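Single chain ahead, by itself, as structure tokens, in the form predicted alone.
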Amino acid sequence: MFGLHDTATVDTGGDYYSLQDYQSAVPRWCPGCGDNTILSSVQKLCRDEQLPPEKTVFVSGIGCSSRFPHYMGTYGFHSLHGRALPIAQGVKIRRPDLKVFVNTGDGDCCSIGTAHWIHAIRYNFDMVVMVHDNEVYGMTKMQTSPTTPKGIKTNTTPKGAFLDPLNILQATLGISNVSFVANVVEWIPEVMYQVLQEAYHHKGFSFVRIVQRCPHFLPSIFDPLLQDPNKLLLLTDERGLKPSDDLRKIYKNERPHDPSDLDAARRIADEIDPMPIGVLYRNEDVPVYDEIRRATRVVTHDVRRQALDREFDRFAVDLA
């Protein structure tokens, strides 16, 4: 659960938060699972941005990716299947001083959580949302998810998936008030870290799709991307992705991209070979819902206690 403090700021007294301050339980993901790399990058981001652990919240739904809050030394909320986004929105609108992150999966977000996903984009709450897309239901032992490629055999489609997969990026870019959309792969941590940092500094709903390996159920599905660097396209811009010289020696496909161009972002989202990685779209002029509806009344402990007393009095039982 997350904490409820009244103060809007925290004085750390000049303390420095190390990586260990953001580490909690030992991860129980499978060896080689891409979630481990995502966790490391996020903990590094928290360290580099010096986010006070007591002012930082990670919210998740259900699935392998949704164990994320257990492994962060911050506040967290492991919620119901598909319900991470409305809970995160509730946290943010009630506590705008907190830094809110969401970890969800391709099934959790884009299947049972579809309605929440669509409206969360439209509301444009100020938070970072990471969709761990391994193209399969992993925790429930290999069922077809909305992003499973056509023809892939799973326990629910033993003869192969019948439909083309959902294009998460294209769908997100088609929703009103979209403000930030990015695509990364977890096995290039340099790029993933830079994009997550951009997402953190964006004011609004930062949607980051993370292509993530599942070594247990779909161990070879991303082999073409892993084995051939030319299968990936680096999207660069002045404020966004800036690959290092060493990275450029491996990934030579590079394209300057203006992330303020929504039409260009939508065209890029349709590209499959090579797969674009980087920031596809950024618009800082979209109204942020939690700022529009920010409460002006200061809620103190006395106000909370009085409200609770009123509710308790309604259901009091007189045993006299």
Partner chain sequence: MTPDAGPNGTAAERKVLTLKQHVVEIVSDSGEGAQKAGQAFGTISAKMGNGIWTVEIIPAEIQPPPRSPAGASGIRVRIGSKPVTNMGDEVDLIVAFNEQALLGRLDLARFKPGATILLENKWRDHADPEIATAYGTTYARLVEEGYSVIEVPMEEICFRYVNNPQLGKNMFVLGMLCAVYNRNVDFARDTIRYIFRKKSQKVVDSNISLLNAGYEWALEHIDLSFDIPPMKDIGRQIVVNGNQAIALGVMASGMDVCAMYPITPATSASHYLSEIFENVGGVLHQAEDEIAAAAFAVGASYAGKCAVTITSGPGMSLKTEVLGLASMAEIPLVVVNVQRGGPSTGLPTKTEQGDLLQALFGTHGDAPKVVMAPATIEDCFYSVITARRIAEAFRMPVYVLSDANLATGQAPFPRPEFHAEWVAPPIDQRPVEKDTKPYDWDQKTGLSPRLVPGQPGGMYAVTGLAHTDSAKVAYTPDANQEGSRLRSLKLAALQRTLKSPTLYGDEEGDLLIVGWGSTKGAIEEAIDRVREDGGSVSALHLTFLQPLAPGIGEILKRFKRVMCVEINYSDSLEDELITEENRRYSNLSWLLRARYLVDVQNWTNVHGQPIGPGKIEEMIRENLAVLQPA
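If you superpose the two forms and keep the largest set of C-alpha atoms that fall within 1.5 Å, you have the rigid core. Residue numbers count along the first chain shown, from 1. Since this is a predicted model, take the numbers as computed values, not measurements.
Absent from the display: the form predicted together with its partner chain. The rest refers to it.
Asks: Would you confirm whether the three residues Asn36, Leu233 and Arg239 all fall within 4.5 Å of its partner chain in the predicted bound form, going by non-hydrogen atoms?
Replies: No, the candidate spot makes no contact with its partner chain.
Asks: With its partner chain left out here, work out from 114-122, 159-167, 141-149, 242-250 which stretch has heavy atoms within 4.5 Å of it in the predicted bound form.
Replies: Careful reading of the contacts points to 114-122.
Asks: Could you confirm whether His202 comes within 4.5 Å of its partner chain in the predicted bound form, counting heavy atoms only?
Replies: His202: no, not in contact with its partner chain in the predicted bound form.
Asks: Do Phe217 and its partner chain share at least one heavy atom pair within 4.5 Å in the predicted bound form?
Replies: No - in the predicted bound form, heavy atoms of Phe217 and its partner chain never come within 4.5 Å of each other.
Asks: Taking its partner chain as it sits in the predicted bound form, is Gly174 near enough to touch it, meaning that at least one heavy atom pair lies within 4.5 angstroms?
Replies: Taking the distances in the predicted bound form, the answer for Gly174 is no, it never comes within 4.5 Å of its partner chain.
Asks: Could you tell me if His257 has a non-hydrogen atom within 4.5 Å of its partner chain in the predicted bound form?
Replies: Because no heavy atom of His257 falls inside 4.5 Å of its partner chain in the predicted bound form, the answer is no.
Asks: If you look in the predicted bound form, which residues in 65-89 sit within 4.5 Å of its partner chain (heavy atoms)?
Replies: Those in contact are Arg67, Pro69, His70, Gly73, Thr74, Tyr75, Gly76, Phe77, His78, Ser79, Leu80, Arg83, Pro86, Ile87, Gln89.
Asks: After a rigid core superposition, would you say the CA of Gln306 moves by 2 angstroms or more between this form and the one not shown, or not?
Replies: Gln306 C-alpha, core-superposed: shift of 2 Å or more.
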